[in-house]
Structure formats: C-alpha cells, structure tokens
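You are given structure tokens for the same protein chain in two forms, set apart as structure 1 and structure 2.
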Structure 1
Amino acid sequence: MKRERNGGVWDFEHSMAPASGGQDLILGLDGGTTSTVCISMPIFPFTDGVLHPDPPVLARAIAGCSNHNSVGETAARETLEHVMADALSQSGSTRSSVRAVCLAVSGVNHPTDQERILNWLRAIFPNEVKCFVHNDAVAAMASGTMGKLHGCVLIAGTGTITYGYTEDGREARAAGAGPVLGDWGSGYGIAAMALTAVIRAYDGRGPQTLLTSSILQALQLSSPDELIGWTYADPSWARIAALVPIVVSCAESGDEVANGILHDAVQELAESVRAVVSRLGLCGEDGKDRCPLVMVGGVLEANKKWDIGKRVISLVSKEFPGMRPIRPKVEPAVGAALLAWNFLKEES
C-alpha cells in the first residue's frame, strides 16, 4: 500500500483484512469552496452499457473547503485525503478495493493544476487504480447527464462557472475566475454587492436600502461601520456568500437595491451561458438544436418570488430555444463516480 502520512488518516486500514474477491469500488469526489463530498459506489457491470438511474451509494463523507485558491494547497490536500479516507472507512473497505477515483475540484483551471493533483493522488492509491482529476463543473455536468459529457453546465453557489462540452470533445468555459476577477452572479458576488450597497447608503453615495437593517440584525452589529471589521476579520468566500438569503428576502419585500443586485446576477449568469453555447455551437446555427443545460448550486434554487434559476433560463431560452434545463437528481459527487464508471467502461 502507498504512503502513510497526514496524521494517520489511513490507520483504520490496519484493522481490516486485505481485500480478496470483495466488492470493487469507485470513489467520486466533488470539492467546492464551501464543502467537499466524497462517495463510494460499487462498480456496475459494463455489459449492458446502461447506468442505473439511481446508483447506490455505499458511503458518503463530507468535509470543508478543498479549493486550493481559497485555503491554500496544503489545507486543500489534507481535506481531500481525509474525506476519501472517511468514505472508505464508512464503506468498511480499504484502498485495495478501489478501482477508480475521480476528483472534481473547484480551482482546477489549468492542465498544470490537473497534473499536480494527479501526481499527488497517484502517490496515495495503488498503481492499478485509475485516477481522474477535473474541475468541479465536470462532476456537476455528469450529475445531470448520468456521466455523459455533452451540453452546458451552470454552477452558481459560493462561486460560479459555466462549462460546455461537445460530443467530439471540444470544451469551453466562462466566468469562474474567482471574486477578485469578477465572479459576478455567484453567492459571493451577490453578497459582496449587498455589503457594498450598505456601505454606500451609509456614507451617502447610494440609496437607502432594507439591506442595511437586515444584514446588521443578522450579524448582530449595531452600525454599518462595524461591517468593515466583520468583513475583513475573515473574508472567506463562503462566509460572505452566506448572506445571499438576506438579499433574496429583501428583494422579495420590494427593496429596489436588493432587486437590482439580483437582476444583475441573472444577467451575468445568463451571459456566461450564452458565451459558452455560442463558442461551441451547442444549439446549432439557429439556436434550436436540443442541448442540456445542467443547473447546480444554491443560488439557482427556487425561492418564493425570486427564482434566479428560472429567470436565467427565461433569458437564455430567448436566444437558444433548444436549451433544455436539467435539475440533477443525484449530487455532483455521484456524477464524479459516474464519470469514472464511463472512463472504465471505455477502457474495458
């Protein structure tokens, strides 16, 4: 077995008998800015070439952020290793039972990122284990298409990114560059705009807004001045993005500033989808070719009056009537496992 390190994370294997004729497993991992989920799934036979619509999950483990751009590479790797070990421990299995691992992690934006994580992953698992590393958008896509990479996926959670894939292997992306470079439309982007609006209203540069009292009350602060200290005491992306429900609530109450922020978010998200679909020609020249649009992330979940996802679809469909929105029935970590299953099937 490979290395033993990281605070004895694999110590549980010492009490287990080596796998012999046991169940072969796939590990699928979805790593984001807010949380990281790893599932273990049994390998299905490749004979019929069809996946079960509701594949069984043997174990599910969850941990914190694994985006190296947010928490640093060392902390991200520790999170990834712990959550994989936890999923295997819950399954009553060891690394000897694993046939494939698919990590889909936010922050994997360049082939050098991919290769670096692959080398690290191969040092953990036995040589015969197939290892795959992708951006988390890939798992999100696969969760809606049951492991097939074709169409477009829009993720809008703490961060946002749009990816597109053609059947002949071409791909394109838009947004996903992080908050410094304009992650507008994301949970962080919406909340950051709301905080900015509160400060602008306080110092006279902007209109008064219900966001002021609502955010101060939620954070138990007495003055907008205190928002500066609160924000920079811990400017983690997920902590800021957690304010999005307040923005939605204020918009539903009729606050013009909050409504404007959400309208801008819808425009940004729709524009990122339009950019990817146009570059890849996913809906054909007239925009009517059928193409799945997988929609993932808390920002896109339906609200009472303000349904950001529905409004994005409405805008995109005007230009691309062939787009078919999909709300995945399985989580992205399962999508990552299904990707690995398809990779193994192609190699069999």
Structure 2
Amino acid sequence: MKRERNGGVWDFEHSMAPASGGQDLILGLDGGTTSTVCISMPIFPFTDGVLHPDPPVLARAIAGCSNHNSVGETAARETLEHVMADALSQSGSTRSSVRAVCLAVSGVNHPTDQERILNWLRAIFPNEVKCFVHNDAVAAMASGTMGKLHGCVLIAGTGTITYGYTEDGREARAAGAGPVLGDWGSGYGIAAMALTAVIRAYDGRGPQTLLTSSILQALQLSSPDELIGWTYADPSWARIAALVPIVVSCAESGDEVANGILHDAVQELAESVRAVVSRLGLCGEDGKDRCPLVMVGGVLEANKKWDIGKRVISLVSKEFPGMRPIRPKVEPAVGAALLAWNFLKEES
C-alpha cells in the first residue's frame, strides 16, 4: 500500500471503479518559479513507435511555484503531488494507469537534487511506473524536439540560460547565473541596460535617448531621478524585465541607444549558444553537423519587427551552419511527457 499523504490528495482514486481508467497514461510536468503545469497523455497513439504530430493531451492541471529553492522542499513537494493528482483525476484515471512520469522542475541542478526527488516520486507511484526527474530546461528542449534529448536549448525570458545535450548523454550549460553574474542577454539584462541608459542621459554620461520619455511614461514617473526609488522599491527581476517591449519599440523607432542594447543582447545570447555547442562539439568539427536549436522565452518571441531571436539565429548560423532553429509548437509539460515516452520506447 502506497502512503497516503498531503491531506488525502489521492482520495479521488477510491471513488473510481477498479476497472476504470483503462488506458495507459504518461504524466509530463513542467515546474517553474512562477507556475507548474502537469499534463496527462494516452500512451496508445505512440505504441507503434511513431509520434503523433499533435500529441493529444487528456488533461492539464496548473499550480504555483514548485522550485524548492524558492518555497522550500515541503511546499514544493505538496505542489507537485497536488498538480499530478489533479491531472490524473481530470483524466478519470488512477495511479495504476500511469506507465511513466517525467518531472522537469526548475532548481534541480545537482545529481543529489535529482536523486532526492526521484526517491520521493517513486514512493508515490506503483513500483512498475518509470520515473524521470530533470530540470525545466530539459522540458523546454524536448518540447522543440518532440521528446529527443539532443541539441541546444536557448531560454531567454526574465533570465537566460543555455543547455546542450549530446546523443551519448553528455551535457553542458552556459549563463543562468543571474543578473549579478552577467546574464546580460536576459529580459532583466536588457531592461536594466535601458534604465541605466536613461540615468546616463540624464546626468550627462550618455547620449539622449527615446528610452527616457518612453520608460517614464510607462512607469508614470516624472523624472529619471525617480527611477532610483522605483528600482529599489521592489527587487523583483520580472518587474524590470517587463520593460523589454518598450526597448524593442524604441529600437524599431530608430533610437540608437535602444538598438545598441538589443544588438549587445543578441551577441550575448549567441555567445551562450556558441559556448555550449563548441564544448559539446554538437555541430561537428566544421560546424555543419545538423543539430536542433530550440528557442524559448519572451525575449525570443518572433512577434516584432526587431526580432531578437532571428538575429541570434543569424549570428549562430554563421559559425554553425548545421544549427536548425526550432520554435516549439507544444508546451514544455508536453515536452516532458514526450521525453518519458522516448525513454520508455528505448527501454522496450
């Protein structure tokens, strides 16, 4: 008998007929600092070994932060357990229908983190369920490659990080050390440079820029002086990163300072990819070996004339013509489920 914990989170299973939930399921979970998503998908469309181009999601459950570094181990586990139970309950299934679970959770950075969460996960599900635990970059990668852990994933939202994976299981990362330690291509990095440019224009250290009026108007401030108080009133990185669209629109209007900031960010992001691809030899010696480059996050979204992602691709492709950029069509939680499916397939 598996333990019943967490306030009877699995109680719903008792009310289901023993034969119910006949179809075998996979759970895929993407756990981030702002939210956690768990999806369930049937395993049968894949049993012939060919992946459905648009994998059918049976149920989708959402919860809050599941990064143990942010909310602590206990709260993170409660969130993970609840969101998995919720997805299963929505699917009309019980844990006995689950064939595999893949958790991709931010904050899982060391093998010890992975092992700890894996042991906890195994205690929740029946012994025959295959359990996998990774960090959230893996889900982002798999969402672009439909479950294959090979290539490079560049994530640039509030923060930025690049991961790379070889087919024989090696991996490498670049950036992701936070704003103090030079993640200058991140949304936070771009916006902090824009705020700095406003201060420098104001005190005479830098050229005048359209960023001044645009940012002051957006923040409803009357003078660049007030930016100092605004910045320190709330140290949230996301709040600062939210200014990126203003920087992009100033650059599109031809502002040289804003253009310079975005060009620098492109260089930084391309440098991250270059570092990972080189270290792992992902594109071979001549840079021409084919290798997926999955691009994820608000900074890389292709909805603007000044397209940061497109310029990163163009810079990276010069050195590595084999790079194949991919903008994922499914969400990371689906990527996690597809990864589990791939592992199952390889094992059988």
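Each form is matched to the other, and the largest set of C-alpha atoms that superpose within 1.5 Å is called the rigid core. Nothing here was measured: the structure is a model prediction, and the numbers come from that model. Quick note, the numbers are simply positions in structure 1, starting from 1.
If only one of the two is the form predicted alone, which is it? Structure 1 is the matching one, since it is the form predicted alone.
Rigid-body rotation angle between structure 1 and structure 2, smaller part relative to larger (whole degrees): Spelled out, the smaller domain pivots 17 degrees relative to the larger domain.
After superposing on the rigid core, how much does the Cα of residue 89 shift between structure 1 and structure 2, in Å? With the rigid core fitted, the alpha carbon of residue 89 is displaced 6.6 Å between structure 1 and structure 2.
Look at the Cα of residue 60 between structure 1 and structure 2 with the rigid core superposed and state its shift in Å. It moves 3.7 Å at the C-alpha.
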